[in-house]
Ligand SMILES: Cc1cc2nc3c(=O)[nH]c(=O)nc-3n(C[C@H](O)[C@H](O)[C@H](O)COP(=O)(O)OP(=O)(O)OC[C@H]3O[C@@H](n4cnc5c(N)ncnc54)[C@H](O)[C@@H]3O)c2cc1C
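For reference, the chain that follows is the form predicted alone, supplied as structure tokens.
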Amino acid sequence: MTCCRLSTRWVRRSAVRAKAAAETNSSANGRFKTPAGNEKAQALRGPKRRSLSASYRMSSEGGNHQMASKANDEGTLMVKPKACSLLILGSGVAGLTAALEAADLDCSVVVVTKSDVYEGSTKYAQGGVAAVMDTKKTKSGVIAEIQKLERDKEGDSVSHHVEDTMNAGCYLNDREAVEIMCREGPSQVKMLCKIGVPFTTKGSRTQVSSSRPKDLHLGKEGGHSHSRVVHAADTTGAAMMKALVVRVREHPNITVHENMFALDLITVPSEDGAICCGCDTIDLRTGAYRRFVSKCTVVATGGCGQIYPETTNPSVATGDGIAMAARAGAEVNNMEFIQFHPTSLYVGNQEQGEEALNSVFLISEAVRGAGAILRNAKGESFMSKYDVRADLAPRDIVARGIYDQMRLHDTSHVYLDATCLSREEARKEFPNISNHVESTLGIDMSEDWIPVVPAQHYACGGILTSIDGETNVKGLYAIGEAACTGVHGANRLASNSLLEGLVFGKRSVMKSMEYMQSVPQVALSDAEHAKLSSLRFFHDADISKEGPLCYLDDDATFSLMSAIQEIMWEHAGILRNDNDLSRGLEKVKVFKSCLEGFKGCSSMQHAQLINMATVAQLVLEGAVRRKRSAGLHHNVDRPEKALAEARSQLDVPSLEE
């Protein structure tokens, strides 16, 4: 057996060389660079933190494998494969919505998640769900606008929501998918009301469980022409997760497996191409492998925010599902459209912990919807210089405006002025945000300005799907942030992410249930005996036969993760140029090739590193291919089309026609 142990010293020396080389090149992005900006940039990023799972390491010693029930002929410790009709990878709003929908149709469902069932981006969503709640169903079943509202130009409508979504996405959205999302969203919000999500109501602004749709308080956020954001104060995602998880745990047709890391999808050949029949996983508590063989597999694993050094995404968002699907032959699209939220909390040099995969605190767009404005270092309001919608412009415009002001004034952040709110209003409408800001920085947001800075927030691209969640690989479906349904185009409209998960999580079920009827039994049998993922770990007796091994300790792994993050920020950040993108892609390709030159993994973090490199390459490849700037992909060497020009090239009929 050949084993390469990469020392921390070697990794850090390589990272220093890579960084030095990068700094010799001019960068459109500049890591928030200013003439004296390097020190501030480092202060902005703060110390790296060790992974939440850093204590986990596969080892052939100790009691890690007490629950493993057998070893196969190759020496791999593995428990008996588990069969199910529907396997869902991920436990966010999209995954749990799909699980409940399928289970109610008497389908056996298994949900696999690599942390606890609550952990994921949904839990941290603050703003809410964008939906036009004043709708009625006609006798034909087609959702139409209330005629009175259609006559009243000030009233909201599904058409307005569609237009706002298309406008934010630079008209690169799939219009059919957008119309479906906006039409079907209200019924999904009503479903949440019925299962007990305590949405904020009108008048008292209190949270009331099982509230009637007509009583809901509707907030307004950037890019929206009307107030239509249903929310549970400023912790909407957590409130939704609590209600969904209760229902999932109570349902007899759903089994949840927590702390299970998905290694790779299982595909078997057929006359019509590969068929996906499940997934190989590893139990992070016992070290035992578990194979799930399923008629249909749904990837609902969320985004890939951790490929950037500053992200609002939790540590689990390492792009695992997108990377697995790509390895299985699924098409991936629009990955260059990475959204940077304009307002994450800037904490400067304050200690943020010791995790390599860290996250920053988000200041919801709803605060600006309530009247807050952005100010630069001189105290000037500036967003009206960039867009007529000023502080409520779409996120890509606001993030670039902030970035420009930081460069102009040689600062590492700007300020969010929410002093229009009284102390009582701030605490009632934004209890989570006001408490966090005060506990972290000692700031009363009703009296003091909040320091904010853009941070990676959302991947608008992903695994390419139909409007029913189907991918080009039979038996494989994708929903939520891991998917590319086309609804977001070049930039996601605020509060459309939870909406997308709710709508397409439900829609994926009917098509997948239909597909289950035609799955050949021989494919499931072949999947049960298929070879294990190449990402399996070093304790396997068989892995040494396939090639040289590369052992990465925690420090080395985290240093390499940081190297990927630095490459992505330097070369594919808020502002981009041709040279940076090409050089960044070259670096990531070399990086990924080096990792793929060895077999197996030394830890879950090592596997996550491989997935991060895979997704980083997909982002850069998409950015290099795109010939014009659009929305979140702002290449200074390739100006974007005027929005009016982009819209004029589409046939944009009224939704009511």
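Quick note: we count residues from 1 along the sequence shown, nothing fancier. Since this is a predicted model, take the numbers as computed values, not measurements.
The protein also exists as the form predicted in complex with this ligand; that form is not presented, and the subsequent description refers to it.
Exercise. Please pick, from 469, 185, 489, 95, the one residue with any non-hydrogen atom lying within 4.5 angstroms of this ligand in the predicted complex.
Key: Here the answer is residue option 95.
Self-check item: Heavy atom within 4.5 Å of this ligand in the predicted complex - residue from 308, 458, 346, 558
Solution: Contact check passes for 458.
Quiz item: Does every residue of 267, 294 and 523 put a non-hydrogen atom within 4.5 angstroms of this ligand in the predicted complex?
Solution: Looking in the predicted complex, the three residues 267, 294 and 523 all stay beyond 4.5 Å of this ligand (heavy atoms).
Quiz prompt | residue 506 within 4.5 Å of this ligand in the predicted complex, heavy atoms | solution = Output for residue 506 is no: heavy atoms all beyond 4.5 Å of this ligand.
Quiz item: Can residue 312 be called a contact residue for this ligand in the predicted complex at 4.5 Å between heavy atoms?
Solution: Residue 312: yes, in contact with this ligand in the predicted complex.
Self-check item: this ligand contact in the predicted complex: residue 114, any heavy atom under 4.5 Å
Solution: Because a heavy atom of residue 114 falls inside 4.5 Å of this ligand in the predicted complex, the answer is yes.
Self-check item: this ligand contact in the predicted complex: residue 124, any heavy atom under 4.5 Å
Solution: Contact with this ligand, yes.
Quiz item: Among 385-393, 568-576, 524-532, 255-263, which stretch sits within 4.5 Å of this ligand in the predicted complex, heavy atoms only?
Solution: Only one stretch qualifies here: 255-263.
Practice problem: Heavy atoms within 4.5 Å of this ligand in the predicted complex is the criterion; list the residues of 275-308 that meet it. | Solution: The stretch 275-308, when checked against this ligand in the predicted complex, contributes 300, 301, 302 at the 4.5 Å heavy-atom cut-off.
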